[in-house]
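In the block that follows, a single chain appears as structure tokens, in the form predicted alone.
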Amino acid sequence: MYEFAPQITPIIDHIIDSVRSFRPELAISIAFIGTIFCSLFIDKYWKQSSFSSFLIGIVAAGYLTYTQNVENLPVFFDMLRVDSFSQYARIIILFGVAIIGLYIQQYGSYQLPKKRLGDIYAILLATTLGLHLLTLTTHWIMAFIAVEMVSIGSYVLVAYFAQNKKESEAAMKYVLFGSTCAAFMLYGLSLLYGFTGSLDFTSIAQMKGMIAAPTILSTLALLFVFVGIGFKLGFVPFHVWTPDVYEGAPTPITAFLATVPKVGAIVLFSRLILAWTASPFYFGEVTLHFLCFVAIVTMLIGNLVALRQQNIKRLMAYSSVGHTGFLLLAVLSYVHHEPEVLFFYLSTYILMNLAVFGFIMILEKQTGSANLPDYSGQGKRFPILFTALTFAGISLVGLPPTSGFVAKLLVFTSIFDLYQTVDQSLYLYLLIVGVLTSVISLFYYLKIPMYGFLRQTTPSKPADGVATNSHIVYGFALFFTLLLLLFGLFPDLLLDFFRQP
């Protein structure tokens, strides 16, 4: 026992120094406890106390993240790494979570039967903490814990408002599929640890261990690990939960699933791809080929299946799958030292989806349906809403003058430069499929204005005008649509922010 005594002081000093770099996450943790307290004891006197605690925690974490000293510091015994890459990712995540919390608060104001929203805000904060850990970690145990924090929180969010068989079935499918993917990922991690004796995927020890391990077994371990990450990203073939869960979950929860978890998973995946493709050995090439193949298949299946959808939430589910393929292309930009391209695409993707799902919330409230045929002729009743929704769809396609066009242009340019540098036909195939699927997506996004403006109005529709308790969501959705135009015309406003050291 006494032989460990000289090490205690340095260990305590290291933990104290690490806590200083962990202040944004501590703010989220304190807000989590405060939100639970408000939900239990104060909400009965002031209904918005838990929401206020949630919002204060997010704003505080955002401020601490923005002002954080990022010097690529390893903290908590090299399990986390605080750098500018994680800083920008956490800012995007906090922005998205704040808007999702606002959407939930507005949804709860008219949702029947009434349920306590304080629990949802607390779960959302716990999920946000998991997303932060995903962006910070280079350690497999911490990565698995973070993935499970996000997954379990997402299960609860999907199931919390379930009122019928369809919604309960969606939540059950999500839990079962997520649990299976987690088991595969954990088995892959156990194999990697057995082969290498290390859990840091950037360490030389893990690289050497993977080189010495049998090729077939180490490749199998890598594929098992990708199963867990693929579940959170929703790329093919781990996307099968997406349409049912997106359709069955309340629209604010669907907006959450479509946006911020993908940011955390993409950042973890980017760190992993950067570490492994930098190696000249076979598993770097295996990882790169896996990434390219999955990106191609994901873009094709996501966009082709979306063509047949008549429910707007299922359409957006397959749109999300297709955009995951583009996000994987953006990962290649980061691997080749263009992180601002990845962050510009992530920011644009968040804005586009928050705008679209905000409009869907309003349309569901007004029509009681998420089926496109039920929106026939509604463009005459809500001309501004449908015009803005169409513009957001144009941005999702990637047409000028939107920021979606700039985002895809930057990604395609980066991939083309990569193709010219290394002269691998695989990158050319990525470009061709990316352009082709962007053209395909135009056809299903145009269904929205086609039904809204060109089809006859169905009888017995609600009165004109947006409901009073939807004005806040409507205002934010319109604001995000204007931002898509602004960043499309002046992309350097966003790119220069992400280029800061």
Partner chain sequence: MIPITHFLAVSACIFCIGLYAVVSKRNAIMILVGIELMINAAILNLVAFGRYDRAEYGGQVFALFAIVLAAAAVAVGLSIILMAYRKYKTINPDQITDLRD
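Fair warning: this is a prediction, and the values are worked out from it, not measured in the lab. Numbering follows the first chain given and starts at 1.
A second form of this protein, the form predicted together with the partner chain, is not displayed here; the remarks below concern that form.
- Listed stretches are 363 to 371, 146 to 154, 419 to 427, 382 to 390; the contact stretch with the partner chain in the predicted bound form is 146 to 154, by a heavy atom cutoff of 4.5 Å.
- Looking at residue 318, you'd find a heavy atom of it within 4.5 angstroms of the partner chain in the predicted bound form.
- Proximity of residue 308 to the partner chain in the predicted bound form: non-hydrogen atoms within 4.5 Å are present.
- The closest heavy atom approach of residue 171 to the partner chain in the predicted bound form falls within 4.5 Å.
- Shown alone here, residue 140 lies within 4.5 Å of the partner chain in the predicted bound form, counting heavy atoms only.
- Highlighted residues 52, 119 and 124: none comes within 4.5 Å of the partner chain in the predicted bound form, counting any heavy atom.
- This chain appears without its partner; in the predicted bound form, the one residue of 413, 109, 84, 190 with a heavy atom within 4.5 Å of the partner chain is 190.
- Contact annotation: of the candidates 205, 409, 176, 304, the single residue with a non-hydrogen atom within 4.5 angstroms of the partner chain in the predicted bound form is 176.
- Within 4.5 angstroms of the partner chain in the predicted bound form, the stretch 180 to 206 places a non-hydrogen atom from each of 180, 183, 184, 186, 187, 189, 190, 191, 193, 194, 197, 199, taken in sequence order.
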